[in-house]
Structure formats: C-alpha cells, structure tokens
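Given next, in structure tokens, is a single chain: the form predicted alone.
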C-alpha cells in the first residue's frame, strides 16, 4: 500500500527541551496506525505537527502528498481531527454541530444533510441527532466528534488519545466504530494512546519514549521480537537464583516486582530445566505470552503507566499558538 504519511528526521524543540527527537516513520493508506507511549513522550507534539498546528524545528512531514510546513492549507483540507479535549458546541444539537463543520470545510450544500445523517448513523447517534450536545455522555460526545471529523471525507483522521477519560463500556463502543473506519470509509486512522488494548487493534505501531521512536512494527511483530514466552519465577533468593540460571542456561534473567523473568522460545519445555537449575530455591513459576507492555519494558527498562505530565506536549497549548497566528 502507498504511504499516506511520511515523516523523516522530524524534530521539535521548545527552548532547551527536545519534545520530538529526529523521528522517522511511514503510515500506509487505509490502515490504523498507533503512536504508543506514556504521557509526555512526544505523541501529541508529533500529531500537532502533522495537523499543521505547529511547525517542526527540523525534518520533514508529508501528509496526503503535501508538506506540512510548506502547504498547511492543503494538508488541513484533507484531514480530520479528534482532539483530546472536546471542541463541540454544547448549545447546538448533534446535527447542527455537523452542519456547521460541513460549512466550514466547504461541503456542497446539497450534500450536507446526507453526509451528516450518514455519519450519525455510522456512529450510532442518529436517534439523538436533535438533542443538545450538553445532554450527551462523554462517550456520546466522543462518537459525535468522530462523526464530525468524517463529514468532509478526509483521507486521514487524527485522534489524540480518543478514549481518554471514558468508562470501559464507552471505550468499547467507540473502538468498535474506529476499527471499521478504514473499511467502511476508506480512512487512514492515526491515533495516539497509552492503552495496551487499544494498541493491539492497530495494524502498525510506533513506540515512542522521550521523544524518540524506540520500536516499530505490527503488534505481533513487536511481541515476537522478544523471542517467545516469558517465564516468571518467585524464589527464596533472587540474587542466588539469577546466578544459577546464568551458570546452567547461559541466560541472565531480569527482575520485576520481586520476580525473576526470562524470555523463552517455548516456556513449557524450558521450565523443567529452570527448576532443575534451582534446587530448593523455586517458590512458584508461571509463564505468559509476550505483551506490548513487555515490549516497552524490554526497550526502556520500565512499564507504560499514566503520568501527569504538563508542559509543551499539550495540544491545547499548540492550538492556542495556532489561533494566535491566524
């Protein structure tokens, strides 16, 4: 498939802080691409550059064949955006919000009603089209924002932490709709997230931390890069057990939350050898298939967890800067 987004050596600095540090990646058309990482990793800054809300310090970003820095208007006309924070007009109905957006994007007048109704049906909101948005739940508002982002038929829909703050049921409903966008609407989805279950739905991922991309691939490819299953051991003496495992098997285990862990091609075959190497030391043993959290742990030495990070990596600040310039 052709690349609808191409990023080369992209860097963005805020004074002495480098928020995005020389990243490169491509996004194929009609796929779901995920930017996975903790808050403050550079996800929102990257999406802000791709949406032309801010300019890069250096490097190049191409969206739909247009340079984000040199051709921002052409980029904007071909993308849709779902922000972290709601930007709906709460005193308008769901239908009125979509009509207003359609006028802004120059949708032909004779097409607006059908497009708005089709978008509302797709997101499961048609029966509530005449209700004021201020009466909507958080999940309904999120779905309406996706509908709004689709009404001008963009080639790429950008979503910055689309399910942040939603309850599990609302997240599930929203993701059911999002996962159907490439097939049903021919849209490429570029989303940021720090939720592992959402990342699993993506066709391809870029894991970002500290402004740098540390791994790329499909969820399956990234998990297979760990080399197989993960064996976890509780022992009477982890230090002594780690030395014995290294001596017997030539493997240096890691340690996480009081347990030793090591990668294994086939855990069910290797567990007996591990136990034989640790007479009188093993308290319990278990194994699990690799997860994306294990991938992140391998490359960074820590797990992804939600962090309250304030600063330049904020779409609201980027949007304010954009409004001031225009």
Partner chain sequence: MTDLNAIYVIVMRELKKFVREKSRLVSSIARPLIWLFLVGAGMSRLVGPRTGMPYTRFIFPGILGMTILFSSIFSSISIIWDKEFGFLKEILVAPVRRSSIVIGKSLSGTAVSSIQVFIVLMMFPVIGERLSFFQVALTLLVGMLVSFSISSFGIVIATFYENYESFSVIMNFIIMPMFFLSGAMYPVKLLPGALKWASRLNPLTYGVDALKNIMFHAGAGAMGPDFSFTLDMLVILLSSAAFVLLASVFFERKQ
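If you're wondering where the values come from, they're calculated on a predicted model, not measured in any experiment. Positions refer to the first chain, counted from 1.
If you look for the form predicted together with the partner chain, you will not find it shown, but the lines that follow are about it.
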- Item | Heavy atom distance at most 4.5 Å to the partner chain in the model of the complex, all of 52, 55 and 96 | yes
- Message: Looking at 248-256, 161-169, 106-114, 175-183, which stretch has residues with any non-hydrogen atom within 4.5 Å of the partner chain in the model of the complex?
- Response: 106-114
- Listed residue (81, 191, 233, 144) with a non-hydrogen atom within 4.5 angstroms of the partner chain in the model of the complex: 81
- Note on the structure: Heavy atom within 4.5 Å of the partner chain in the model of the complex, from candidates 155, 129, 76, 204, belongs to 76
- Message: Please determine whether residue 137 contacts the partner chain in the model of the complex, using a 4.5 Å cut-off between heavy atoms.
- Response: no
- Message: Residue-level contact is defined here as any heavy atom of the residue lying within 4.5 Å of the partner chain in the model of the complex; does residue 225 satisfy this criterion?
- Response: no
- Message: I'd like to know whether residue 120 contacts the partner chain in the model of the complex, with contact meaning heavy atoms within 4.5 angstroms.
- Response: no
- Contact of residue 196 with the partner chain in the model of the complex (heavy atom, 4.5 Å): no
- Within 81-96, which residues have a heavy atom closer than or equal to 4.5 Å from the partner chain in the model of the complex? 81, 83, 86, 87, 88, 89, 90, 91, 92, 93, 96
